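Coming up, as structure tokens: structure 1 and structure 2, two forms of one and the same protein chain.
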Structure 1
Amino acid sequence: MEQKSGTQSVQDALKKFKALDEKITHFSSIVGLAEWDQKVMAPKKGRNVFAKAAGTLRTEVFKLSVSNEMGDVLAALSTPENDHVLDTVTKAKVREYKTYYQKSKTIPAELFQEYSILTGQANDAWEEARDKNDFTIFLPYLEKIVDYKRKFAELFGYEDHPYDALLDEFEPGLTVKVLDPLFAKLRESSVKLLNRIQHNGQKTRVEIFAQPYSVEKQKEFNHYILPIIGFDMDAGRLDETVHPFAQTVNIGDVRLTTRYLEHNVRSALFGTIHEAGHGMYEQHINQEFEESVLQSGTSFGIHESQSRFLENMVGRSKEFWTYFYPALKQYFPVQLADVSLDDFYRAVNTVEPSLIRVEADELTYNLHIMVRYEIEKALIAGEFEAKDLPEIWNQKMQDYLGITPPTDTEGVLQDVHWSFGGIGYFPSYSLGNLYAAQILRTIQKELPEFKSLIKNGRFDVIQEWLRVNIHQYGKLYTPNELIVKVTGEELNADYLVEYLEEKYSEVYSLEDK
């Protein structure tokens, strides 16, 4: 009898859980569409009022996710006797909601309210500070945000380092203990490699990008390559925004944006390929996960691995341009008249220390992240305070990249992340590169013809491998489970270090170390 009533209650809980999951996913899908629309389509006069409408729906999603009903259902599905009745897929769904529910519940409502208001105001202060190159305008907000984040870390709890509690929001399960040696190795090898390139590298013909490239032609070329590299245009779109992004409405509706600059042809080109990497991840998720919380990439880092894999490992490879360069030359016959394939390949792989993260090349990009990671970690641990940031920032830029920002606008104020409280976010970008290189190693083992597939435009074969091995799973596995499943081992920095060494030795004709 008890057994039966137990089973009964699992069935009940599952039914309620499914209904909640579906409603939350439906509402989130609409919120996603609304966000895309407001950035890409909406006329300006309606946006303020619409933001309130979207806020109402977002609040509804939050309320459902932390409702008593959700709490009861999660509790019912988490009892030891019920837990082992659940299948893997349901367990993963419960895990996702439980993490969010528990985190939200540990923060007192009042504290969360204050924090939400603060981050709302902080964005304006950050914009003003950046525009006026005056860190002190942003400082009081940043100080408070750091205070809150330190409090949250204590409330969420952690084993070794308070920053772990924040990292976990972006890369579930990741800790400083794991990340420190990975990033240290990457940083040291990158600094050395950069040095060698700067002192012994043969110059590339990067000046070919200083010419004007017609925006209309750029658009045509971007729309031309997108389906070839595997993005399904019947399940997505490509539009224009100042800040490119990928937005999922559902598996059959993934929208990319890019930015066309007449005097920077690389911006749209690699931006589009990057976003397409994010987009295809989402397009390839198992349709059985549709209308559920699993219908999305598993973490910021894994997501970024897919965009960077496509942008850099594929899109900046010699083979990629062996396939696409003849077409590109047809679009820009004047600009590329005397530019050989090799010239072009080397030019798109130019390494140049620069101040702004989002404009950095594949090698120095990680050094920008190291600056931010080390700052965030120490800041949360209380090793220094927000007021010390400009000085520390500039010192680290000098140490790793050999340049010192002349202004805070081009230094510590350049990124939006801290203003919305996204401390713990930055590591995802370099994690993406680490994951990508490790996946590249595996793919090259399993598809020995990898390079020739790219050279022959058989991106479908590569995407199919990614779909089967990574994309289809959505949030079924945690990032760590997934990387072990795909590559047979935990995250290892050696692959990225070797990849960068090998690539730039060739691009810059470096002598042996």
Structure 2
Amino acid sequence: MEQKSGTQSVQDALKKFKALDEKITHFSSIVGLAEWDQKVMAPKKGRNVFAKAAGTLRTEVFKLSVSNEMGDVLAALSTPENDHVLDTVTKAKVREYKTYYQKSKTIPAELFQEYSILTGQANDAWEEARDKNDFTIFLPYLEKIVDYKRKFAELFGYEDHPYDALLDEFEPGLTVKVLDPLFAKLRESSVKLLNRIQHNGQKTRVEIFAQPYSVEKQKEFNHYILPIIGFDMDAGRLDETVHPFAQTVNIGDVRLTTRYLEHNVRSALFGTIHEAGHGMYEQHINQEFEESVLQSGTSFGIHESQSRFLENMVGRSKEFWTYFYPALKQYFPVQLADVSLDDFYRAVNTVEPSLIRVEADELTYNLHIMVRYEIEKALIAGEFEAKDLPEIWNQKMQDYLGITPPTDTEGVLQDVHWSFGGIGYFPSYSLGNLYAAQILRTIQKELPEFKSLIKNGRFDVIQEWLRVNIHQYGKLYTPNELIVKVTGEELNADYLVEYLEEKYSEVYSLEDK
């Protein structure tokens, strides 16, 4: 009789939990749509009030997530005696909400609302500062955001470093102690390989990109390749914005954005492929997870692995351009008239230290991330203040890449992330590269014809492998659980080190070390 009563109690809790989960997910979808609209469609004069409205809605979602009702149902569903009643999917949902609840319950709702409104307004300030090359326009907003993030780190709690509390938001379980040795190995090998390329590598025909490429033709080509590589245009769209991103409204509505530059055709070309990697991850999530907390990727690092895998390991491969280069030449017959496939392939894989992260080559990209990682760690630890950032940024760029930005627009103002409070986000990009290389090693074992599939345009086979092994699970597994499930081992930096060494030795005809 007691068991029946207890089971009934669990069923009541499950019913309430499902209702809360759906409500939070629905509200979050609308918030996502509003954020996309603000960045892509909204007129500038209305954005300030728009940011306040979106902040109010985000606060309501926050209140639901940390409500007493949520606390009660999580407590009821987390008892050892009820563990056997819950299936794997429900346990994963409880895990996700419980983690958020325990951390966020410490934040007063009014503090969260102030922060939400601030980050909504900060995006416009960042855009203006970037456009006018005036860091002082953005500085007051950034100072407040950093102050909030320091407060949140203390409220969330941490063992070793305050930055750990912020890392965990984007990559659950990740700490400075884990990340530092991974990055140290990658940094050392990248600097050595860069030095060999600069001193011993053959030159590439990178000058083929130093000419105008019609923006309209770029748009046409991007819309041509998206469905071929697997992005479902009936469940998504492609638009233009200042800083490329992907936004999921729901599994059937995934929105990509890109940036078109007439004198940098590679920006939109590879930016679109990159965002498509994010988009296909979201489109392929198990539809049974729709309207629940599990309907998105498991972490920012795993998410980034899918975009970096598609952009670089597929999109910059010789096989990819064997298939697509004839079509690209039809769109740009004058610019590519005397450019062979081999010349083009080597050109899109040119290694050259550059100012802009999103346009960096595959090797030096990780050094851009390490600049930001080192800055964020020190900033959150209080080792310097936001006003010092331009000078520190420029020095780090000189130390890591040997170049100094001539303007703040090309330096400290180039990324949107700090404007939306994404401190702790940047390491996800290099984590994505690390995960992607490890996944590549596995997919090449399980699909020995991997390169041939790309060469013949059979992206459907590759996407199906990714869907079955990664995408469908959404947030069902933690990032560490998923990478072990897919590859058989925890994250290992050796695979990316080996991949970069092998690739660029071939591109630049480097002799053995």
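What we label the rigid core is the largest C-alpha set whose atoms superpose within 1.5 Å from one form to the other. Since the structure is predicted, the reported quantities are computational estimates derived from the model, not experimental observations. Each residue is numbered by where it sits in the sequence of structure 1, with counting from 1.
Asks: Between the pair I just shared, point out the form predicted alone.
Replies: The form predicted alone is shown as structure 2.
Asks: Is the C-alpha displacement of I302 equal to or greater than 2 Å between the two structures once the rigid core has been superposed?
Replies: I302 C-alpha, core-superposed: shift of less than 2 Å.
Asks: Look at D131 and decide if its Cα position differs by 2 Å or more between the two structures after superposing on the rigid core.
Replies: Yes: D131 shifts by at least 2 Å between the two structures.
Asks: On a rigid core superposition, would E374 pass a 2 Å threshold for CA movement between the two structures?
Replies: Yes, because once the rigid core is superposed, the C-alpha of E374 moves 2 Å or more between the two structures.
Asks: Enter the rigid core superposed C-alpha shift of F156 between the two structures, rounded to one decimal in Å.
Replies: Comparing the two forms, F156 shifts 3.1 Å at C-alpha.
Asks: Keeping the rigid core fixed, what distance in angstrom separates the two C-alpha positions of I107 between the two structures?
Replies: Superposing on the rigid core gives a C-alpha shift of 4.1 Å for I107.
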